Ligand SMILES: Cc1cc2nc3c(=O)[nH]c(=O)nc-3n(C[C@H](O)[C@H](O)[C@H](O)COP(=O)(O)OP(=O)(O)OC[C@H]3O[C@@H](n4cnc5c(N)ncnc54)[C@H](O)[C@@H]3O)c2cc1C
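The chain below stands alone and is given as structure tokens, in the form predicted alone.
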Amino acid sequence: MTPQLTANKKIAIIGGGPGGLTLAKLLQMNGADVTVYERDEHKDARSQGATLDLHHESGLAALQAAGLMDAFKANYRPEAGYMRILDKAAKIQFDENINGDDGFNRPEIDRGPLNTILLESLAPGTVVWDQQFSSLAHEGNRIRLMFKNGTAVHADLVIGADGANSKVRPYITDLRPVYSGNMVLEGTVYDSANIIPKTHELLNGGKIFALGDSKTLVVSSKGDGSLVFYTGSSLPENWPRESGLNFSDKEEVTAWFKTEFAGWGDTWLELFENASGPFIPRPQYCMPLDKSWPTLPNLTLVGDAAHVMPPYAGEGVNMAMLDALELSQCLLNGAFKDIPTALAAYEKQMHERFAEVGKETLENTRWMHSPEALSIMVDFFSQAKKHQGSA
């Protein structure tokens, strides 16, 4: 039976990442008329990032509600969630062994396979590709969406799921993300087993967290044999533009790393010397923790569009998928008299949840880039491992 609130309503989701696709699945499986508009030309148009750590109370809960747990279990990588903590000289300070565990304590899946699971669960034609959002206009009780290729569509309800640099957000609120003070530089090495076997062996199919001098270097394996790495350090917000670096020049970026991470071991240099394609600078932003916006009758946000935050608590994708779950529940459970009331309930709990998660994330970002970071992290995971062993 078609849900009451969404009966005869056309729902448009802007953005085809995990949050938008999860929402589309949860609505569609309950009879709603939903279309996802994605800017990419096709599903393989862009390289996918590192693995995603899905949490039982959020990302996995959404997949469970969507009936996709079997597909997830067939595609997640048990070894990807295990990590080694290293010092700046690349000496192991903590080694998380698998010990027969199936890796489902905090299971990880590559972003590409997760998106594929969600895409294949949708009815054909649900995702319309090559639709880069341009603008919207309210026309009575409906919204007219315009795209840069010249197409236009009407919808009764629009959800912005278009990421950290959301183009839908300004139509809802004047709030803007604030720079956290942390700058990430991302690089990729393909075929790491043959190109950089020393680091590949050190990575051991999982993750490396290297900490020292108030800086971080995170290395993450991928199922296709590549690895992704991220530096983290305190740099000005405008550093990507004013540094003068050519981020496509490995020699320039390697020289920068030697200076910025002076005193770090030579082991790390092979990441930069063998990177494929351009490096990507990523200033880390966070939405204000204690702010919200008045609910609009037919327009809302999910995921990074609503509450972008740094990655140092692993909550980004989980909060996006939990947004999708909670928004779908508000729209589908029949407890609300109309869509505006349902949206108000969703946004209230979303803002309250983000205030807590965002605070934790910023605190993690701070201590992970503090002089005491290595000892704090080693102690935390050593105690957690000891507790698991005695349980």
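Everything quoted here is computed from the prediction, not taken from an experiment. A residue's number is simply how far along the shown sequence it sits, counting from 1.
As for the form predicted together with the ligand, it is not shown, yet the points below apply to it.
Visitor: Name the stretch, out of 330-338, 343-351, 34-42, 63-71, where some heavy atom lies within 4.5 Å of the ligand in the model of the complex.
Guide: After filtering at 4.5 Å, what remains is 34-42.
Visitor: Should residue 110 be counted as a contact of the ligand in the model of the complex, where contact means heavy atoms within 4.5 Å?
Guide: The answer is no: residue 110 has no heavy atom within 4.5 Å of the ligand.
Visitor: Should residue 222 be classed as touching the ligand in the model of the complex when contacts are defined as heavy atoms within 4.5 Å?
Guide: Judged by the heavy-atom cut-off of 4.5 Å, residue 222 is well away from the ligand in the model of the complex.
Visitor: Although the partner isn't part of this model, could you tell me whether residue 248 comes within 4.5 Å of the ligand in the model of the complex, counting any heavy atom of the residue?
Guide: No, residue 248 stays farther than 4.5 Å from the ligand in the model of the complex.
Visitor: If you check in the model of the complex, is residue 46 within 4.5 Å of the ligand, heavy atoms only?
Guide: Yes, residue 46 is a contact residue.
Visitor: Taking the ligand in the model of the complex as the reference, which of 78, 311, 177, 212 has a non-hydrogen atom within 4.5 Å?
Guide: Going through each option in turn, the one that passes is 311.
Visitor: Is it the case that 27, 56 and 326 all touch the ligand in the model of the complex, with a non-hydrogen atom of each within 4.5 angstroms?
Guide: Heavy-atom distance to the ligand in the model of the complex: none of the three under 4.5 Å.
Visitor: Could you run down 9-23 and flag each residue that has a heavy atom within 4.5 Å of the ligand in the model of the complex?
Guide: 14, 15, 16, 17, 18, 19, 20 sit within 4.5 Å of the partner.
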